[in-house]
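Next up is one chain by itself, shown in structure tokens, the form predicted on its own.
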Amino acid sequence: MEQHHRGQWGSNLGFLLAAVGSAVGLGNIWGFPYKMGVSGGFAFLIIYLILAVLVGFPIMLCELAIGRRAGRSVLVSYQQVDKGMGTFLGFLAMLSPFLILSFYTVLGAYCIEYMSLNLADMAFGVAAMAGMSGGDTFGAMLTNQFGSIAFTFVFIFVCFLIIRGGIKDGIEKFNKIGMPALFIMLVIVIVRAVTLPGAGEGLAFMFAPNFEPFTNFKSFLSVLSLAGGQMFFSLSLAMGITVTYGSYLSKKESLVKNSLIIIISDTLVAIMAGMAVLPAAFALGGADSAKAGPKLLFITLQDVFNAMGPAGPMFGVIFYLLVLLAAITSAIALLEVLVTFLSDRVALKGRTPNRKKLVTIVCLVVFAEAALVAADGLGSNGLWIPFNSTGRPLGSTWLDFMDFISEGVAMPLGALLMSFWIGWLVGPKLVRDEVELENHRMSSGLYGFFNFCIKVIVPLAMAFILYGMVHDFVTIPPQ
């Protein structure tokens, strides 16, 4: 079956910007600093970097190779390797982006609201006249169900306008503008954050050696699970994105080089996000402010901007626009996983896919589930939630429930099964054969490293991460 309906990346740079954009999202700007805050700072960073090399790189290489090898959606790509396990892994990889979009789009909507509020304050002094703190603003926003749902629709509609243009004229074109703009704004925010009084404590928290979380197995497992979950969410692994984006990649491109560039770029942005957020949090409220969960992004930092005086709203606009861009680049990647699946399904039946129609269907379905999360307002509005009667964290809000199934179970389980599948059943040679197309070489040393990691390190690490994620979601109260 010809694949002319699918299109292809216009350039390798376009692919890299889109792939890095899919990885650079709320997981970097909010999740990385927050999880670093609750995990002892430096200890979290060390574990994250080790996992990125030993676990992130092998899995990314596998997913890019499997996607490019088939040139199809994530489900068909896995099925072309093996019908049995491949079908299960394919559906698991599509479940994660579908559930993640239910709350990711709502968080993106909050960013639009905050950017608008700071813009209004900068232009008219609206927030200053109202005398609202960051906590007051966030509380009012959560309980305004109609406003949350309306802004969620706006966020999804923006994503719709981008991805309906396809891979080259939609996603690639947006990322070529959005990613450089994001980087510039991040640098501006970092410069302001590190010059705040008391910001040095935040930088020391990040980079000064601290091995206290490694002193007992329980705390080590907690850091390992948080760092592992963050790495997977941040690098867009085990959620179909890398396989899908890889399916549009030319056979001439180096998979090893692209994998390394994506991981290094994403890790760099995550560390930069920490430098933008944690020093500001420490400057305002000390160590406890760095552990505030969603409040870190929407309360603590807004209080920082409020305390800056006349320049505060301007930095607020820049920061929340930065976070919004990061949210959009990831959301369009998550949506593309589902759109590609439907598009290829139609094409395999001998019909020509109508991309705009398929994108519309996906966006409307996502909006329906996201409206539920928006209406819940992080548990502020008394909606019924599954398992809430148990009093456990996974049932405390709809966001927690969706996050538990996707990030807590589906993603680490999918990565665990995929590594065992490739490492011991299919064989790593399948990946090597795809990597070495068009005269690209995978040295014996690199192949040996990949072989050992995918067979031993990744399954063991993912087993610990899966256990830790489930344990933390079920027993630790949400922030």
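Start at 1 and count along the sequence shown; that's the residue number. Nothing here was measured: the structure is a model prediction, and the numbers come from that model.
The form predicted in complex with a small molecule is left out here; the points below concern that form.
Of 114, 233, 305, 398, which residue is found within 4.5 angstroms of the small molecule in the predicted complex when only non-hydrogen atoms are counted? The residue in contact is 233.
I need to confirm a contact call. Of 167, 334, 276, 89, which residue comes within 4.5 Å of the small molecule in the predicted complex, counting heavy atoms only? Here the answer is residue option 334.
Just checking whether residue 281 would be counted as a contact of the small molecule in the predicted complex - the rule being heavy atoms within 4.5 angstroms. No, residue 281 stays farther than 4.5 Å from the small molecule in the predicted complex.
Indicate whether residue 73 is a 4.5 Å heavy atom neighbour of the small molecule in the predicted complex. Residue 73: no contact with the small molecule in the predicted complex.
Is the gap between residue 171 and the small molecule in the predicted complex 4.5 Å or less for some heavy atom pair? Close contact is absent here: in the predicted complex, residue 171 is far from the small molecule, nothing within 4.5 Å, heavy atoms only.
Do residue 239 and the small molecule come within 4.5 Å of each other in the predicted complex, heavy atoms counted? Yes, contact at 4.5 Å.
Where does the small molecule sit in the predicted complex: which of 26-34, 418-426, 450-458, 432-440, heavy atoms within 4.5 Å? Looking at the other structure, the answer is 26-34.
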